[in-house]
Structure formats: structure tokens, C-alpha cells
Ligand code: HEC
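The chain that follows stands alone, in the form predicted alone, written as C-alpha cells.
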């Protein structure tokens, strides 16, 4: 062994030993497998047989709205009694590997409940939120995949709205958004891959 290769081997061993005692930020997280495909239940309210609502049901299922908006789906345990009624499990919108306490949003209730859902929203407000990620009060939702929905046709967006309007209202208030740097005691996922252990 040459002096140069011996030095390289010793340097590598030194670096490995130095790294062995370092903090691994993923120690604060555990791997989860979200449920990404669920069958959308048929709309049950008056007018449920409309062609638009049927198309909306198909689109909601196709784009996977329930993964985020159904409680438990983000961690592999969807609660079908809370179908599209929002999630108690949040989604980090800033990198928790760079910030001790990432910003966290909790997917909202999108059933037609007047108090906790979309019951008091206009059709235009719902359509706008789908296409732009901006909610009724002008607040952008950082994890909403609206760029994928921005070019939906008016027919398709209106079909999704028709389906959501015909769902049974479910009263379920989700936690409020948590700003970056503020600690939350709620569970959250990071990119749908890790759940906090806190």
C-alpha cells in the first residue's frame, strides 16, 4: 500500500468515525404510507343523480382529493366517516430538516357543512380555490396541488363543485395552520413520507 492510499484510507476512516456520532434529523420522523387511492362514495343529497355530480365524483377520485382531505389517509388509516371532512394530521410546508419547527397546514373540510366546511362558500369561491390554491379569505394554501388543476375546464371544475355540494355535510373542525418556527403538538407528515414522532 502506498503512502497516498494509506492516507486516503485513514482519512476515510476518520470521516466515518466523525459522522457516526452526528445527529440524524430523520430520527424525529417515522416512515408512513399514505392511502392515495380511495373509491369516492356516491353523492347522497337531492340531485345526486345529475351527470355533473357523477363526473365530479369521478374527478375527485381520479385526482386523489381524499388523500389529504380525509382524516387519517395521510398516515394510512382513512376514516371513511370523515370522507373529505378535513384532516387532523397536518402537512409540513417548510423543510423540517432546515427548521426545527416547520410550518404546518391541516387540509380543510370540503363537505358542505356550514360551520366547518364549504357550506357558506359560493360555487365561484370553491372553483377558485381548486384552480389557484387561494381560499375564501385570500390565503394561499402552500401544499394544495393547484398547479395541476389550474387548467381544468369549466365543465370539470363545475362538476367537482356539484359533487362536493351533494355530499352529506360532516361537522369536523381541523386544527389551525401553524406558522414556520412555531411548535405544534399535532401530528404532521413531511411530503407524505414521514410523520413526526412528537
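Numbering follows the first chain given and starts at 1. This one's a predicted model, so the numbers in the text were calculated from it and none came from an experiment.
A second form of this protein, the form predicted together with this ligand, is not displayed here; the remarks below concern that form.
- Although the partner is absent here, residue 121 lies within 4.5 Å of this ligand in the predicted bound form, judged by heavy atoms.
- Taking the partner from the other structure, this ligand in the predicted bound form has no heavy atom within 4.5 Å of any heavy atom of residue 42.
- Using a 4.5 Å cutoff between non-hydrogen atoms, residue 139 counts as a contact of this ligand in the predicted bound form.
- Contact check for residue 190: no non-hydrogen atom falls within 4.5 Å of this ligand in the predicted bound form.
- Residues of 166-190 that come within 4.5 Å of this ligand in the predicted bound form, judged by any heavy atom, reduce to 177 alone.
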